[in-house]
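Just the one chain here, laid out as structure tokens, in the form predicted on its own.
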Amino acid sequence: MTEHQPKLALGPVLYYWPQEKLLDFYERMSAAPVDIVYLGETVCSKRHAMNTADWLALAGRMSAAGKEVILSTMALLEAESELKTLRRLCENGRFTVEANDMGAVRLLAEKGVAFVLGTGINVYSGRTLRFLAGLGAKRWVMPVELSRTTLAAIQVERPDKVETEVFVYGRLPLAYSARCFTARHHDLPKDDCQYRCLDYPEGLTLSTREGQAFLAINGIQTQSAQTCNLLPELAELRELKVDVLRISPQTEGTETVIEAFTACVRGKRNPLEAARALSAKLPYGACDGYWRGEPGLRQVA
């Protein structure tokens, strides 16, 4: 019996990077050993480094490099212009779309095309997954706050031909708000934010009164300050028949992370040793609490 071999996916960039930085990053990623690449702006439509045409052109280049390309939608839409972008993505006619809100699910279901359920969709049970699979979902990304116990229960009920993806590395996307926290930090209104997110290529870390790094603010998105690292759980992820492992892009060191996961998946490196090497370079440490059914900021393994 052959060991279950999950694919590696590169999630969408969650931060506001200049166009030159984004294009350079994806040029390097086109040669990286990842099977799937998610592209698009998922956090804030005011991030104008790349427009829809730019993302579609980049998708074509990444596809030509042999990657499975998924176009990601925004998680929180508030304006008609954002709805127009959503419709254009859903009607692109070539690439699969990752739906991050139920509006995208409705549009894709109406078109009768298969799609991916992103972390913005709350799939907490097998019943919910079966319902969304009936609308056309071919893959779901487990919400980051769920535990391995919950995943095991959902996997038992998972419909045939629906893939499971788990967020295994990166700052966890926890919540979205209509308010822009980065603008507020600088005493700026959201509509005149002066694109201050450009100053924080990995978000702005928040600490408790006791000085412990707790959260990171990324525009309207709240993330964990710690970096999720589930590499030590690789054997369990395989046992649970997880099909795809998602690595979230970081401003530095993404290639090193991909190389570590690739070597471990191929059996050429010890996952615990590799995880320790990755975690040693993190400014606020790693976390795996949610996976273990404990507070998310804890590191158990």
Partner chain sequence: MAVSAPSSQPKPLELVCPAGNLPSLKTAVDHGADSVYIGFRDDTNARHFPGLNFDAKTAAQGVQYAHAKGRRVFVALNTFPQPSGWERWQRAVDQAAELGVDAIIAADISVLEYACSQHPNLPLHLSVQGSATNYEAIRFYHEHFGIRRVVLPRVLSLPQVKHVLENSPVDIEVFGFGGLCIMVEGRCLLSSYITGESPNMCGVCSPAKAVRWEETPRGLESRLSGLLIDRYAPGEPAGYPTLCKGRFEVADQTYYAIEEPTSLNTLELLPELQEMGIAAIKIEGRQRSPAYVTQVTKVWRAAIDACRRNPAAYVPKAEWQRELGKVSEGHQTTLGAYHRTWQ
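On a predicted model such as this, the values are computed, not experimentally measured, just so you know. Positions refer to the first chain, counted from 1.
As for the form predicted together with the partner chain, it is not shown, yet the points below apply to it.
Although the partner is absent here, residue 78 lies within 4.5 Å of the partner chain in the predicted complex, judged by heavy atoms. For the chain shown alone, residue 111 is not a contact residue for the partner chain in the predicted complex, no non-hydrogen atom being within 4.5 angstroms.
In the predicted complex, the partner chain sits within 4.5 Å of a heavy atom belonging to residue 145.
Proximity of residue 181 to the partner chain in the predicted complex: non-hydrogen atoms within 4.5 Å are present.
The partner is not shown here, and in the predicted complex the stretch 247-281 never reaches within 4.5 angstroms of the partner chain through any heavy atom.
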